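A single chain, nothing else alongside it, follows as structure tokens in the form predicted on its own.
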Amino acid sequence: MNEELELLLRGIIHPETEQNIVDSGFVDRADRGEDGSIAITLRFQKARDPFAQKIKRRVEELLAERYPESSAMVIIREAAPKPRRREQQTTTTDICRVVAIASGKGGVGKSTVTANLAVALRHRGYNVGILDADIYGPSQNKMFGVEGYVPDAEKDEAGNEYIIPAQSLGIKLMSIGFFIKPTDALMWRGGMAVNALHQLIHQTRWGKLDYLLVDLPPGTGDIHLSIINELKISGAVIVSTPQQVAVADVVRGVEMFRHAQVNIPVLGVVENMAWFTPEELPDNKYYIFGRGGARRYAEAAGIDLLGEVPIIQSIMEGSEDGRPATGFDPRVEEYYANIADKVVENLGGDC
């Protein structure tokens, strides 16, 4: 393939794959003869790919702009059918409950709540795992102090490859953060992120788990829909702070799970950063971010308020040090113990 032509064709994105047509495998030939003539062959898997003619016209336009004096021929052909790949068995079959942890907006402490809730469930004797599905902002690797973990891979007798998760405090962890440098910026289109998540879900050696907590990215979008399609989610926990701007975004998150085509039970709302009590003034409560916004919404929407978690310095310090505070601070453990009990109860008890 002519390198100059290849570079030009990489600027054309296939609307379905959301990748350029070279990486998507649609360019079969791209040559330039000694006389300057250009021949390009495009191959599409579908007999009548709806985007084939549009892409062909775009290729012809680019060639006319770049090489106005050259004759160019663009041909569309149907690719021979690819042999069907043996489907790999999913590793999620021994997971009893999948709980999605979501937030309407960023900055409300969703990942912190996920980490501490996982520790609280583990303290109750459950086998727990965390899938860090926040592809663009993974943080569970840091929350549990396993940033340097490099996952091993192993194959079974059938040739299926599996990824070995990290373990910390008895909790299994899988995150895209294990596969990238902390300084890397993930400039992935939706399709690439979804493919990465598919691998993390179905190829991680989860083993038997009572609870898999899925730390979703903030908002609603492709990643959320992919998780909903890939996993049988038992219920969702929504995280918010008290202020009205955060609660307004909670509404969108709740309605996504309640949508008729999704129909996932909302287990309740956690109001994070509910108040601040200085250690030297234990009887004082300062409502820095407003008071009771998530509680009022939960009551109005008929959703359980799973708990209110105040601002406690050890929560921040634990997140920075790779030790969720529920594991070492009795004050924090008390709040998350109550939240864990309500989550278990709302899911109908043990597996």
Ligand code: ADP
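Computed from a predicted model, the values in this text were never measured in an experiment. Sequential numbering from 1, following the sequence displayed.
In what follows, reference is made to the form predicted together with the named molecule, a form of this protein that is not presented.
The stretch that touches the named molecule in the predicted complex, counting heavy atoms within 4.5 Å, is 306 to 314, out of 306 to 314, 27 to 35, 56 to 64, 280 to 288. Distance criterion of 4.5 Å from any heavy atom to the named molecule in the predicted complex singles out 143 from the list 171, 143, 135, 214.
For the candidate set 235, 268, 177, 109, a heavy atom within 4.5 Å of the named molecule in the predicted complex is found for exactly one residue, namely 109. In the predicted complex, the named molecule lies farther than 4.5 Å from every heavy atom of residue 130. Among heavy atoms of residue 250, none comes within 4.5 Å of the named molecule in the predicted complex. At the 4.5 Å threshold, heavy atoms of residue 273 reach the named molecule in the predicted complex.
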